[in-house]
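Next up: just one chain, as structure tokens, the form predicted on its own.
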């Protein structure tokens, strides 16, 4: 079980303001209601204060205050946690969104970035220099959160996870110490933060490797979904060169202007493709996908890499979901997905299939805290809804479909998990990874100050 302080004390907003270089927002301030929000708008928590920190020194002061007062501590980079871990009821929030500094090395091979910058902002900024780092698939996620979870995005088969391009990190630990973690300095901490999320400290700056990527062939293709199309898409993605990364979303077509009206509400496969190989070979690379059927929409074209992040989804109040890793889908699983999509009453529901392998799989499983590199496929099931009274219904649909597809404690990706029990979190760190993480948690955060997350409790004794 997570250890928690026995009691907490109130804090003085004026005193905290005088102690920080950044902004402090309290319940009486006009900006409070906006400052306490996260991406999922149904999460309605009222922290005692939101500290929009200006740097690592501010972070250290807030950590010390939380430790001394016993207040629950939340850390927010982009606020995308489905469980709402970026805010707190009565606690204090470290809001990193004001920290957006970016320093690109003169040789354009690396960049130091502060963790309040979003994936889209970073990708646009380095893209102006013809460079890129593989992040997630959504531009509005905070670069701190996506990186510490692992980072599975549009360059995963060519360059691996985001953490495979992480060279060093400035981290503020539970005792308020500011340290640099890398292979040379604090290597155990560096191992743990690469997939262990925020359990071991607050990452304030990251040094990331840059790849020379300017134009790619990428975008969205929407096909009528059938078992043959779903299985064919996965097979083509598995057979493709590492330069191609794909994301397949099986869903019911929303009523969007670019989708023919006769397709609205029908099952479709919305595929995102990113090919970073030679442009003159793109047509042959993409041909197997286009041969699967006549598309409702085909927006795959030569684009600047940052364009892959353009556009965001609709505002969502609540989301049910789960994910797991597997080696492959069974031949009948595609039919099961299509059948059960129609059984959900959620406003939007989807099953996302990400073929892995490539550079991700060439790193040993025990090299980082992300320990699923030998699995070939990630399955992510989600249902978005507006009424909190429907929670149990949508949770049950997600769980039932996951069981039908063979989840069976296969272990998930923490970046997509919601509020989970210890068993589910434990399964996300298979084999000896869990025990090593618990040992390092005891070393770096023995009192479990960083517990508002997919929590790794300190080892006993």
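Positions refer to the first chain, counted from 1. For clarity, every value in this text was computed on a predicted model and none was experimentally measured.
The discussion below concerns the form predicted in complex with a small molecule, not included here.
Within a 4.5 Å heavy atom cut-off, is residue 415 in contact with the small molecule in the predicted bound form?
-> Contact check for residue 415: yes, within 4.5 Å of the small molecule in the predicted bound form.
So in the predicted bound form, does residue 336 come within 4.5 Å of the small molecule, heavy atom to heavy atom?
-> Answer no; every heavy atom of residue 336 is more than 4.5 Å from the small molecule in the predicted bound form.
Should residue 80 be classed as touching the small molecule in the predicted bound form when contacts are defined as heavy atoms within 4.5 Å?
-> Contact with the small molecule, yes.
Close approach of residue 354 to the small molecule in the predicted bound form, 4.5 Å, heavy atom | Yes - in the predicted bound form, heavy atoms of residue 354 and the small molecule come within 4.5 Å of each other.
Does the trio 75, 138 and 452 actually contact the small molecule in the predicted bound form, every residue with a heavy atom within 4.5 Å?
-> All of them do, each having a heavy atom within 4.5 Å of the partner.
In the predicted bound form, which of the listed residues (273, 96, 269, 169) lies with a heavy atom within 4.5 Å of the small molecule?
-> Selected residue: 96.
Considering the small molecule in the predicted bound form, find the one stretch among 209 to 217, 233 to 241, 252 to 260, 191 to 199 with heavy atoms no farther than 4.5 Å from it.
-> Within 4.5 Å of the partner lies stretch 191 to 199.
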